[in-house]
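First, one chain by itself: the form predicted on its own, in structure tokens.
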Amino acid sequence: MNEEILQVRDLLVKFHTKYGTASAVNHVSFSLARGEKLGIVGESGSGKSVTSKSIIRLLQTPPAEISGEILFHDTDLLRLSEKAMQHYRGNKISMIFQEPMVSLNPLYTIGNQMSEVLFIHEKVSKAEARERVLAMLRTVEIPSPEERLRQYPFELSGGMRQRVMIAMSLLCHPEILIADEPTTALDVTIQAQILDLLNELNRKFNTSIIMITHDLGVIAEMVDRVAVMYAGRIVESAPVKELFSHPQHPYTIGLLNAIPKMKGDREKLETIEGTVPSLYQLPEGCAFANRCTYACSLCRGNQPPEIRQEGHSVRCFRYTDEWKES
């Protein structure tokens, strides 16, 4: 097994607002090996993006309150000062955001914005920065890179802007690349190109990737291992093939059943009944209990333990001795 370069331990994120305290991430733990592609999947509000932004300390505190450990090698990122964290953010760990038009500054050219990354993290001349920027734009297969340096974000297509963001995030050859819904705003053809590009960059640079998405199709195509989140918790984690062939948590089963399927000449679409509980008032027991057909009193009053077996973990009472005895 490859060396583990990131360990998230018992991560807890709360937001203190005028409406009360929202528990966005609840005791989340996972690891990431060198060169591994990890997918974090779940519906909107499950805590995926908050988890990823916690890793590179992009959450404003307050209103966010963060505890636990985020170990990059042996360094706990949550214990670093903001000045010390700048050495890691964008350098050792980079992030691709969902909408590149928002992430790129409309007032500066592509060349200026990409060169700035190198000026912040490395001592390079303008000439060297330009050559490295051009080389990375060629790596992500942007045509006429010399021309792109002089252009502004609005002059590029959505797919081209996303390639610029990927190139920018890879300039310092980070060990970890976090991709937060990187294909959501793109059409299907461009989505496929971006995913192929990320896979190729993973093979070329051995960069570890955390893919944040709600799209199970992207997960199936892209990652080695999957963590399924619901109401701020990881409820199931397994290698991607194992998860799709033998899902164990009722929420995971519901997600997979909700994928549109063609049966005969009619398309059958299944749904998960009920609604996600409010993050301001999470239940004492399993957060999925009010939507689960298997739920009993045991589930509604207690948090299910994590059951591990051969690289597959699940938080559900159905796999415990208490369930068998109830």
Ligand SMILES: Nc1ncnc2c1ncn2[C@@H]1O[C@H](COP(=O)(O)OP(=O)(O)OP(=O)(O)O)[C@@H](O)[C@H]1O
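Values in this document were obtained by computation on a predicted structure and should not be read as measured data. Start at 1 and count along the sequence shown; that's the residue number.
There is also a form predicted together with the ligand; it is not shown, and the following applies to it.
Interface residue remark: Thr293 is not counted as part of the site for the ligand in the predicted bound form, having no heavy atom within 4.5 Å.
For Val50, a non-hydrogen atom is located within 4.5 Å of the ligand in the predicted bound form, even though that partner is not displayed. Using a 4.5 angstroms threshold between heavy atoms, Gly45 counts as touching the ligand in the predicted bound form.
Although the partner is absent here, Glu181 lies within 4.5 Å of the ligand in the predicted bound form, judged by heavy atoms. This chain is displayed alone, yet in the predicted bound form one of Ile70, Ile56, Leu38, Leu279 has a heavy atom within 4.5 Å of the ligand; that residue is Leu279.
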